[in-house]
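Take a look at this single chain in structure tokens; it is the form predicted alone.
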């Protein structure tokens, strides 16, 4: 009689369902509802008012406008195109310079030297300063009577009483320098954090193979920093596009509208002009432009791809 084949014990799976399964969703529900309220409601409100004429100083003209506001933006508002072009110039200039300087600072403070902790604190400190306070600092520096222009005039460079913020030839770069001081630490922080995650074995192996500093940088460092650079440039690009506080308090969009970005134009239209319907339409167009550029940038840069 053949030996009976022992059957493996039957494993019974314990089904977890009911309240225990729904508990995580219940716990995050309050935060989710708050985020939905603070994000979805303003977006829907802006979309609603963008389809209406809503000017608090002219209530008799308020009402449904359809796509008239958008038609006016695209066909009958040259200031929209001027501010959009300047916004693109501002974003490209700021992000590119901040990236290069931030990368250089991150590589510098990543080295081992005496006082590295103090140096890192000094490098990162401007990021903690608010936009209005940054503007106050640079307005004092640019003051023609007490700022650096006076000392440059004493040295024979320039003339007394010259204000770089009132000259159309210098106001753009004066604003760029002020924003660089605040924005460079953001790139330095993110890039330094990613630099510290690169295995040192790669550099040692490359040195053994005879790779110099330049080859190690381009073949090891930059590929590992790809995702950090893409993410930081995208975030900073969006923030610089939406930059209102520094330009508003530093130049007010002047002189002669030379430093008016699209968000600053929106703010002036809504707050000073009281035309909230048209300002909402401008905001909607700006949102679509940012969304399209962000998706295109992530697609072209292949964010998250295996580049290491």
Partner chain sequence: MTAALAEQGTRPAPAATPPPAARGSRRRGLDQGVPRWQIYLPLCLYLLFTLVPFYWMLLFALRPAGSNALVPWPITGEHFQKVWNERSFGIFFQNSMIVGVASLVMTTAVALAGGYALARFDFRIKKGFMLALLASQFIPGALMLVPLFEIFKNLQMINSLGSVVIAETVFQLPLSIILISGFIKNVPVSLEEQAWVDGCGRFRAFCAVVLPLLRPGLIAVGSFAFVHSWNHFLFALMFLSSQDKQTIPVGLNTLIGADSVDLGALAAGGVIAAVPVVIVFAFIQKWLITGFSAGAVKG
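Residue numbers count along the first chain shown, from 1. For clarity, every value in this text was computed on a predicted model and none was experimentally measured.
From this point on, the text means the form predicted together with the partner chain, which you will not see here.
Among residues of the shown chain, residue 159 is not one whose heavy atoms approach the partner chain to within 4.5 Å in the predicted bound form. When contacts are judged by a 4.5 Å heavy atom cut-off, residue 53 does not count as touching the partner chain in the predicted bound form. Contact annotation for residue 266: at least one heavy atom lies within 4.5 Å of the partner chain in the predicted bound form. In the predicted bound form, the partner chain lies within 4.5 Å of some heavy atom of residue 184. Partner contacts here mean any heavy atom within 4.5 Å of the partner chain in the predicted bound form, and among 86 to 94, 68 to 76, 166 to 174, 211 to 219 they occur only in 211 to 219. Residues of 113 to 152 placing a heavy atom within 4.5 Å of the partner chain in the predicted bound form, in sequence order: 113, 114, 115, 116, 117, 119, 120, 121, 122, 123, 124, 125, 126, 127, 128, 129, 130, 132, 133, 135, 136, 137, 138, 139, 140, 141, 143, 146, 147, 148, 150, 151.
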